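Presented below, as structure tokens, is a lone chain in the form predicted alone.
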């Protein structure tokens, strides 16, 4: 629900930046309900299995992401388990849409997997920094160590690491300049091109869940979590708004340029941040 709300508000922000009015903020909810009520074109049972695996993987990921210090399953929020489960969700989507038979779908998936290789390396370096500093890979503990107000947040203490993380999360969300997976003007929305009805509705829900847990990770890493669900969600929306504003004004990289950029700029920033931290 929160992820769909973010997408709806993000469409309004994009429209305002581009001097348009845009759809109402609740349009995403209407679209999902409408799509889930429609009949679906079904090519192969793998499409159904892939859609279930994709949404199930992302929901399993959210079980381990602390929200304002609360977890539905008391795992402590292990960051590497979270990233592993998220990968299962993305691979499920790849499996499902590849069974559709449309050549644009596997082309989009190929770009998505290449981009994943690009952003996972700098993001892993960011996690290594925080694990070295805190002695823990638990998001709950990393967020708790930032207690004490704004000046205790990691965005203040490690600004270069935040910029590097913001770039990698921009790629995780597939927002410009890293939207090569969808690229509507090039490959007709890539993985989503052959999806309709319930499959497209589930795809929109998957996108909403992915946005929610990606912004939740950023809030726990750099903004000290949240005292309550309201402040936590507000911080999440701030992270998402930054991504949407960049998306509204940036062009799209070629996929090889995107991977090269992710392996140079954010990785260089986090290495510089490590040197500043460990050599001072």
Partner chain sequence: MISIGTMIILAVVLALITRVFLMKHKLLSWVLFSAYTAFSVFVLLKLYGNWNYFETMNLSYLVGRINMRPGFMNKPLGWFFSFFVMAMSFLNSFFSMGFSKSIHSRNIVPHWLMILAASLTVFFTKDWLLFIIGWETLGWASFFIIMGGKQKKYKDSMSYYFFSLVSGMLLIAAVWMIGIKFRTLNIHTTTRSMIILAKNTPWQAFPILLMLTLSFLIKSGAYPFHIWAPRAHKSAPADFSPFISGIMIKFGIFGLLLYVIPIVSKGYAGYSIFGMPVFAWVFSWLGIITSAIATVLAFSENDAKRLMAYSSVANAGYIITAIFLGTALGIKGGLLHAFNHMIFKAVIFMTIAAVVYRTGETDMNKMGGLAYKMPITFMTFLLGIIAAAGIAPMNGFVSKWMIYQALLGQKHYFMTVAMFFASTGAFLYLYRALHAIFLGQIREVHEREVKEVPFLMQIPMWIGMILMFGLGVFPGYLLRPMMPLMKTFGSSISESLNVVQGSVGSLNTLFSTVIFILGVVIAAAIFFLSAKTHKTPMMDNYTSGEDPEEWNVTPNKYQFSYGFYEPITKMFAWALKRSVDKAYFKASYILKIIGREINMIFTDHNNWGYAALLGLLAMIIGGLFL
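Numbering follows the first chain given and starts at 1. All values reported here derive from a predicted model rather than from experimental measurement.
Keep in mind the form predicted together with its partner chain is missing from the figure; the text below concerns it.
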Choose one stretch from 230-238, 216-224, 244-252, 33-41: the one whose residues place a heavy atom within 4.5 angstroms of its partner chain in the predicted complex.
33-41
I have 106, 114 and 117 flagged as a candidate spot, so tell me whether each of them has a non-hydrogen atom within 4.5 Å of its partner chain in the predicted complex.
yes
Within a 4.5 Å heavy atom cut-off, is residue 159 in contact with its partner chain in the predicted complex?
no
Distance check, residue 144 to its partner chain in the predicted complex, heavy atom within 4.5 Å:
no
With a cut-off of 4.5 Å between heavy atoms, is residue 85 one of the residues that contacts its partner chain in the predicted complex?
yes
Hey, in the predicted complex, is residue 81 touching its partner chain, heavy atoms inside 4.5 Å?
yes
Using a 4.5 Å heavy atom cutoff, which residues in 108-139 contact its partner chain in the predicted complex? It's fine if the answer is none.
109, 110, 113, 114, 116, 117, 120, 121, 124, 125, 128, 131, 132, 135, 136, 137
